[in-house]
Ligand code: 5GP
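So this first bit is one chain, no partners, the form predicted on its own, shown in structure tokens.
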Amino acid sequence: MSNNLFVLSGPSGSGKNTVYNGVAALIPEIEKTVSATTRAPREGEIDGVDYYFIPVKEFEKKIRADEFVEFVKYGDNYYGTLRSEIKRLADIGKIAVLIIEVRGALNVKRVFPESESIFILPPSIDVLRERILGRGQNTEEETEKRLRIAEQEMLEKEKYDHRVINDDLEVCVNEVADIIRKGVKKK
């Protein structure tokens, strides 16, 4: 496996995907891993591009065979990162970036201790609330639940190799890009 493995994590609303997109524009050698899921594809989603869409029984078989670096069950659906996906990116010389939730990120660090983990922090809980509300996708109750989860996830930030505050997007993107560049160089 490649030592060029980075985990980007943080609470919902911290801007993980937006930060990744900014970093990808600066470092073309990085590529986001494609997660596997048991949920049905949404309109326009492509198997192997957006997700690997896997039936539940097959996903559970892969769990038993230890084919996942990390996985989680949300509601009735599983989500996870296949070991083969990390190998695929390493084989084509890419720097693999996993954009995953906190529990999964900590497990990746256990499985691949040479990986580098980056926690994206919001500038404050109030800003996080505004970002989540600004999406317009959640009820007040769902927003409060997400904020409670975010507060719990932020307690884990010290377990990460790096912590970056996403207050100014450009500054945050540059900081994360620098972390990745330095991490690749030392490996």
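Sequential numbering from 1, following the sequence displayed. All values derive from a computational prediction rather than experimental measurement.
Note that the form predicted together with ligand 5GP isn't included here; everything after this is about it.
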Identify, from the list R39, K32, R129, K157, the residue with a heavy atom within 4.5 Å of ligand 5GP in the predicted bound form.
R39
With the partner left out here, check for me: in the predicted bound form, does some heavy atom of I95 sit within 4.5 Å of ligand 5GP?
no
Taking the shortest heavy atom distance, is K62 within 4.5 Å of ligand 5GP in the predicted bound form?
no
Though only this chain appears here, would Y51 touch ligand 5GP in the predicted bound form if you measure heavy atom gaps against 4.5 Å?
yes
Spell out, yes or no, whether the shortest heavy atom distance between V72 and ligand 5GP in the predicted bound form is within 4.5 Å.
yes
Region of this chain that lies against ligand 5GP in the predicted bound form, out of 119-127, 64-72, 158-166, 22-30 [heavy atom, 4.5 Å]:
64-72
Is ligand 5GP in the predicted bound form close enough to K87, F112 and G183 that every residue in that trio has a heavy atom within 4.5 angstroms of it?
no
Of 76-95, which residues get within 4.5 Å of ligand 5GP in the predicted bound form if you count heavy atoms?
Y79, G80, T81
